[in-house]
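Only one chain is given next, in structure tokens, and it is the form predicted alone.
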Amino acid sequence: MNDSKKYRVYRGCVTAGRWILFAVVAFLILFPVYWIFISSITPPGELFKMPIDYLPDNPTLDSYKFLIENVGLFAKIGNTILIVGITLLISTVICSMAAYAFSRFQSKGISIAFAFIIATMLIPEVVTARPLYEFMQKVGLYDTYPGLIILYISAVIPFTVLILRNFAGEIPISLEEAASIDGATFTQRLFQVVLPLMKPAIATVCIINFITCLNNFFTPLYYSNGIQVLSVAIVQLPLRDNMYGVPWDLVSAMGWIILLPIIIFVAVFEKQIMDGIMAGGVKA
């Protein structure tokens, strides 16, 4: 066997190994998602039938109908959209301004403030849960929309500031100097020169923060009782037949409802998410 043929065999083995690894990883990730969906459209009496049916004999949407009629699904979706929407709006404005300041102005105090904000990413939520719970009750923000929105905003600020600050640092300051020579004020340079150039990074952090807020389980579970959102709905499902049996069909249906928007967002905006993280995170 000559060297050229050996090289082709080697390349073929590498390609085959790569596709096998891709297939195994894809199966490990996608099969649980597929099984959640199949379980959500399978009648409760057929969920544990043996041998296992990988396609239900009698698919039904009764679980979704039950969630709409008895669990207040639309109210939970409305609460989620309201809280996440306001969170994204306020956090994006605040973090864009902060990122610009951190990238353009240098002093010991500013560096300490930036380091302090980033350091909060390392603190587990459970560590601050008890004192923050008491604080929220004393100031009357426990189980309120403003209270949840403030907590959601505080959760996304460190990551958003980190990404936007690094992205803003890559924008040449000569553009602002040229605008200043043409008579532009500080506000005009910020809103007409810098922020338009930051649109790709802002769009990326909005997408990532949207997914983060949808997945936020601890905050609404611990700091709210009456306001229900999608992320905690899966632990608030009613028991149907007996108090000891878990309604797996309802759990699967609610799980699929929570997963679906995240899957769609990641599938549609995957390139923007990766590009934004690379642009803002390489020089962190």
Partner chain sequence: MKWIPWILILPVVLIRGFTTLYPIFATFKNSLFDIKVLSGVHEFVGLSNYVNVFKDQKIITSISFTLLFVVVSMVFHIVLGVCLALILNMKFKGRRFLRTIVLIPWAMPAVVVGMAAKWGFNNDYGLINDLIRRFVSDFQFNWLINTGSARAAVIIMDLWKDLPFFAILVLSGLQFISGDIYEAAKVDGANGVQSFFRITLPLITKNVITLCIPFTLWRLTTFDLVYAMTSGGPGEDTSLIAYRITMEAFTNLNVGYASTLAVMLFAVMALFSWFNIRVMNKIES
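Quick caveat, the model's predicted, so the values are computed rather than measured. Positions refer to the first chain, counted from 1.
Note that the form predicted together with its partner chain isn't included here; everything after this is about it.
The partner is absent here, but in the predicted bound form a heavy atom of 117, alone among 198, 206, 71, 117, sits within 4.5 Å of its partner chain. For the three marked residues, 140, 163 and 188, no heavy atom of any sits within 4.5 Å of its partner chain in the predicted bound form.
Although the partner is absent from this view, residue 222 contacts its partner chain in the predicted bound form, with a non-hydrogen atom inside 4.5 angstroms. Within this chain, residue 148 is remote from the site of its partner chain in the predicted bound form, having no heavy atom within 4.5 Å. A residue is said to contact a partner when one of its heavy atoms sits within 4.5 Å of a partner heavy atom; residue 41 fails this definition for its partner chain in the predicted bound form, lying far away. Contact annotation for residue 83: none of its heavy atoms lies within 4.5 Å of its partner chain in the predicted bound form. Residues 94, 95, 97, 98, 100, 101, 102, 105, 109, 110, 113, 116, 117, 120, 121, 122, 123, 124, 126, 127, 128, 129, 130, 131 are the members of 92-131 with a non-hydrogen atom no more than 4.5 angstroms from its partner chain in the predicted bound form.
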